[in-house]
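Below you will find one chain, with nothing else, as structure tokens; this is the form predicted alone, and questions on how it binds or moves follow later.
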């Protein structure tokens, strides 16, 4: 086994699969696969071997191989962020301040604020301006340890504007230092011109799903299922169109109210159900039976102020738990997966090791990449983070600390821009 990169003398967290390749749940949800005095080797961006002690010395190494002594620091899989809204322009500082002063989010929305403010700013931004913003946000996430992330459209509402955003995302993806998974969020909110004709809008979304698939602009289709937004029956034809086009389905489900969206996600064989703060017991059982990850978004609960999802309910029900930043300008301007990990522990009740699993291998499954990344095992992408600590629990303990020392995406060192 030849290597061009070796990280040695590490507290190695492999997050290796257990008996079978599936997301972790129940008692396995906290198993990070720790190896004392461990090492990981890679060649051409792919993990070739892991081990402990001096076993790495038996590896054949290329002439220009890098051998890095991490001096006891934690080496772990790169973070996977399976839910972001990074493609936007403008900020919503006034709205944030108003909500902190007691304004209701739905009332802000009715006055033309909320998502509509971001839609206006994003539509007004040129393609080049939007691309520059997106590239910077991807680079910031990478430096903070994220080696795979999802980017949604969703701030266009009208299909043509959504397609524009997806094409901008495709350009950013082509030059990104990390793996970017694009998602068509076709049902984020109802455009104003369709206020009296929802059926026509849904027909347009179905048509756009086909265009998205033909152009290869997205891997998944998303919808916001919530009281006063979209209902499960409205999503059904869009879900069918996605399935017919070979695209995955993900859902914003039961964020503020239990509207049966979590159970619907399980019935539709969604790739993940996200938010799920108010998912019912039946919804949890349905996710567990289907082994569908629940993606918890603690940043949204923190910034909006609603009760955060109780992760212990999901773990107890054998539901695989993933976490994400939900980075967006209005309800979760959260920077970096280490912050999401700390909030998932402090607000949602995960243990530090459960949160690490949720941010790596389970998050990879939530993006349909469970066999590609999220674990340091032979044959997977060499997506690796070196922490500036010998105890991974510091990710949850030292909120805001700069704990990411080195990042490798596909075996290549990611440096600050």
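Residue numbers count along the first chain shown, from 1. The shown structure was predicted, so the numbers you read here are calculated from the model rather than taken from an experiment.
As for the form predicted in complex with a small molecule, it is not shown, yet the points below apply to it.
Taking the partner from the other structure, the small molecule in the predicted complex has a heavy atom within 4.5 Å of a heavy atom of residue 326. The small molecule is not drawn, but in the predicted complex it has no heavy atom within 4.5 Å of residue 153. A residue is said to contact a partner when one of its heavy atoms sits within 4.5 Å of a partner heavy atom; residue 271 fails this definition for the small molecule in the predicted complex, lying far away. A residue is said to contact a partner when one of its heavy atoms sits within 4.5 Å of a partner heavy atom; residue 264 fails this definition for the small molecule in the predicted complex, lying far away. Heavy atoms within 4.5 Å of the small molecule in the predicted complex map, among the stretches 285 to 293, 193 to 201, 78 to 86, 342 to 350, onto 78 to 86 alone. At a distance of at most 4.5 angstroms from the small molecule in the predicted complex, none of the three residues 8, 39 and 411 contributes a non-hydrogen atom.
With the partner omitted from this view, the residue of 147, 183, 165, 255 that lies near the small molecule in the predicted complex is 255 [heavy atom within 4.5 Å].
Out of the listed residues 298, 320, 338, 330, 330 is the one that sits within 4.5 Å of the small molecule in the predicted complex by at least one heavy atom.
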